[in-house]
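Listed next as structure tokens is one chain, alone, in the form predicted alone.
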């Protein structure tokens, strides 16, 4: 099984290596702009849930950036499917569907980890004191894993790039802005609270923020993240099988 996973991952990282500088530069710009606009703008003068806003913001940027990078594999898979037919070669190769899923998902984790290290670098430059623990690494791994699986599912089920853009517009972007990344979920109207509590980013944002700021960890939220992971794994596996059929 590992040989198939390694083959898929090796191919994706080789492609990434050729455009790494541009991709890393592009992924580092958006979090920096948010930090400059909101971090320096509010600084220590505004407190959210007892935290200086910049300390509240950094974990949110970590979840946002790692989500964007892990989910971005959907677009890359679509390009390889629709234009280069690389995914067709994966399907006819002597590797299983599970190996294909894990290979692509590990690539999503690789991209997400780069974005996390970039945000930590920004936190150091801005003088933000984060409390990094072993639990943080567990939850950021789960967070990146589940959104890589979601990307795998979406990329297999859509029929064209227009559909991909619609998913980004109507699902990913609202989720990023409403699920506690930039402001507490409890400030939302009741109707939106119900919606955001059906979305995985709400739970991963709160757990990641608590693990970096010394807050109380809600282990039920980690359990909910695990349920999302298992669900998205099954949908990703189903979607790959459907494409082959």
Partner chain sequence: MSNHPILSVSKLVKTFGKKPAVNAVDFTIQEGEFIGLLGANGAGKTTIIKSVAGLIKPTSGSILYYDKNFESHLKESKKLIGVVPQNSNLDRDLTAYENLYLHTLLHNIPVKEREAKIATALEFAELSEYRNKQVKTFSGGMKRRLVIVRALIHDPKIIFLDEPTVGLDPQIRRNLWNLILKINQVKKTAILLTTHYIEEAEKLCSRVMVIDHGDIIMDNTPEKLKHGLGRFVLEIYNEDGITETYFDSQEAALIEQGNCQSESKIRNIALEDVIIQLTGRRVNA
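These figures come from a predicted structure and were not determined experimentally. Positions refer to the first chain, counted from 1.
One more form of this protein should be noted, the form predicted together with the partner chain, which is absent from this view; the next part is about it.
At a distance threshold of 4.5 angstroms between non-hydrogen atoms, residue 84 is in contact with the partner chain in the model of the complex. Using a 4.5 angstroms threshold between heavy atoms, residue 90 counts as touching the partner chain in the model of the complex. In the model of the complex, the partner chain sits within 4.5 Å of a heavy atom of residue 94. Using a 4.5 angstroms threshold between heavy atoms, residue 21 stays clear of the partner chain in the model of the complex. With the partner chain omitted here, the record of contacts in the model of the complex names 95-103 of 142-150, 95-103, 109-117, 158-166, defined by a heavy atom within 4.5 Å. The contact residue chosen from 222, 15, 237, 229 relative to the partner chain in the model of the complex is 15, the criterion being a non-hydrogen atom within 4.5 angstroms.
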